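There is one chain below, alone, in structure tokens, taken in the form predicted alone.
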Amino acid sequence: MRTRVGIIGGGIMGLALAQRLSARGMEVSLFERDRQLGGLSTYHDYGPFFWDRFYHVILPSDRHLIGFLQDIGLKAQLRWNPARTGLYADRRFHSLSNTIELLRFPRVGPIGKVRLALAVLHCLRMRDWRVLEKVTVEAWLTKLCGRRTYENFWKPLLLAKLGEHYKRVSAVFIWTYITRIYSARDRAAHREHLGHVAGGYRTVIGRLGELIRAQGGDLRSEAAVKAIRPRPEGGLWIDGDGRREPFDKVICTSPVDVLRRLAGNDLLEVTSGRTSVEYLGVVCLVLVTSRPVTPFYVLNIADARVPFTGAIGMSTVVSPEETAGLYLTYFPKYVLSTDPLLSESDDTIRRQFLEGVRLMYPELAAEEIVGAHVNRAMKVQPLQVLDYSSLVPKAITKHPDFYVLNTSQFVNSTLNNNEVIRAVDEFVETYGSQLEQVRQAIPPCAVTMA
């Protein structure tokens, strides 16, 4: 008898769970409220081609993600390219892609550069990340590098990654960022190398769908779950779209606030000094152009006149052959998930952000812009404030057949798909045997709700 498992949430976490569990012989049904699977890693129709809705790359050190891609037969589809990093400040573009360019960087003095190098080295050697939870990232970096180096080098990076709320974030953020990004460097060439799967995450999502369905799994988009309820005889009900379906086990990958709405007190206890985790959202203008806009994969911006906080030159690491001979550049701005900007119309955001593009790239002609797309997400990543690991709500399941796995549990890492796969694999290793145990046979059919 196969265990019937219901998975709530069709992002990469939910899809990876579905693949891992179906490969172990379980009968999986996945519920995703949006039209497309993939969550933050889903794809977008840019007209002549499809590519990721938001920007994603793979680092050479992403061993969990790379191993997962190998397991699902996509490692041969990995493509690697060198990448450049830059900073826009004082109406100039500064390349910071290697040691020589950093030494020539005029906004940081000689002593500041030495302190900067020592700060990175200190970060790489740190193992006890918990001590960094007690200090803000701004205070920590200022102490290590000095105010001038902080303002001219680190602050633009923090703005690009966290928006204006970086001042509330602990130093754990920069520790995880440095240790991950440093691994992308080719030590011999002193250059960063970044990877992607040919065809983007559309290829990954498509392959996962094929594998899950081949094992008898069921993937449902536009399937909003209304409630999760216990069954007296064991297992749980999933209510949604007028149907009530029985499952042996249910795993929820939704944020804590969604989890509270779906599961009652008989299934879940949330213990914390805070009612919910604060999340960052993102608004992102994506330009499709007939020529390259930027030579940098990551361009941090230190200019208050510009409405976005970074420029991501995806076509510096992805061949234009994969994007119909066109070039793709992302212009993101990160804000709290409650920020009014997330509710602005596409036309308003497009107009404001294009003004910033013209300010930075006045030579880009209007006829060279093939498309200007606005993508947004309400909840991209938790805001890791001071003492985040002790403040984050602890979702304690009170039913033996109900499980929770979500990104709020990432307390000492940045949110990326390598960490998602690591969390999934650890979950399956810990609970896989429990998930395979069925206490009582359940009827295979759904019940129509009155």
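Bear in mind the structure is a predicted one, so any value in this text is a computation, not a measurement. Throughout, we count residues from 1 along the sequence that is shown.
If you look for the form predicted together with a small molecule, you will not find it shown, but the lines that follow are about it.
- Query: Has each of A83, G313 and V374 got a heavy atom lying within 4.5 angstroms of the small molecule in the predicted bound form?
  - Reply: So, no: the whole triplet misses the small molecule.
- Item | Touches the small molecule in the predicted bound form: D401 (any heavy atom, 4.5 Å) | Outside the cut-off, so no.
- Do Y334 and the small molecule share at least one heavy atom pair within 4.5 Å in the predicted bound form? Contact check for Y334: yes, within 4.5 Å of the small molecule in the predicted bound form.
- Message: Against the small molecule in the predicted bound form, would N416 count as a contact residue? Criterion: heavy atoms within 4.5 Å.
- Response: Output for N416 is yes: heavy atoms within 4.5 Å of the small molecule.
- Query: Does the 4.5 Å heavy atom contact test between F54 and the small molecule in the predicted bound form come out positive?
  - Reply: Yes.
- Message: Among the candidate stretches 387-395, 43-51, 66-74, 30-38, which one is within 4.5 Å of the small molecule in the predicted bound form when only heavy atoms are counted?
- Response: Contact-bearing stretch, as computed: 30-38.
- L267, V225, L219, I301 - the one with a heavy atom within 4.5 Å of the small molecule in the predicted bound form: Here the answer is residue option V225.
- Exactly one of V380, L326, M360, L364 has a non-hydrogen atom within 4.5 Å of the small molecule in the predicted bound form; which residue is it? Checking each option against the small molecule in the predicted bound form, the one that comes within 4.5 Å is V380.
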